[in-house]
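Presented below, as structure tokens, is a lone chain in the form predicted alone.
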């Protein structure tokens, strides 16, 4: 019988990281409501995967407005994906989901309140400075929410400035906060990986690209198409 691995999945770099394990089967105690095109949905799905959890996935049709229906609004007043249901609770907003999963599993979070505050600061910064720009340029390029060229150029410039800040940080440290991966890396990675869709070139940011490779080498990492399938 295959087993579901949750909190016993070791931290990356731990002595037993390379032990043989079976792929976790779907754990119906975790239910993820998501959309394959949603960057925040990928952040939530990736966090669960890195913690050895394979949730039940329900895809929400954003184009038809399913996220605004009474049934979905009963799960979250925000009418947005992702939402995670677990242990009788409904958790909305990707940053909150990452913090919740870290707390429940004991993985990728901070060791004390000060470290958790520093990790959280990167997540707030991502929402304010990076994701708000990258995602807007991405939806413009994909034709989902077109912008006028001046506005698109403005957000492209802001994205570049934010990426330069990450480049500087990662040139001095392998991870965003401390010497190990945390939910700060999961959160920011879930934004940066969509730079290709936004036609934002990372060629001149070697530290960012090396960091992305480190994230992608973590046990459990997978592409959105693999994690966001019903």
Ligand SMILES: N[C@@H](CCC(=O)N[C@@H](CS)C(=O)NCC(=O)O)C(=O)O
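Residue numbers count along the first chain shown, from 1. Keep in mind that this is a model prediction, so the values were computed, not measured.
Separately, the form predicted in complex with the named molecule exists; it is not shown, and the next lines address it.
Residues of just one listed stretch (156-164, 79-87, 99-107, 112-120) have heavy atoms within 4.5 Å of the named molecule in the predicted bound form: 79-87.
Listed residues 199, 180, 68, 56 were compared with the named molecule in the predicted bound form; 68 is the one with a heavy atom within 4.5 Å. In the predicted bound form, the named molecule sits beyond 4.5 Å of every heavy atom of residue 125. Taking the partner from elsewhere, residue 195 is found to have every heavy atom lying beyond 4.5 Å of the named molecule in the predicted bound form.
The named molecule in the predicted bound form is not approached by residue 190, whose heavy atoms all lie more than 4.5 angstroms from it. Although the partner is absent here, residue 49 is not a contact residue: none of its heavy atoms lies within 4.5 angstroms of the named molecule in the predicted bound form.
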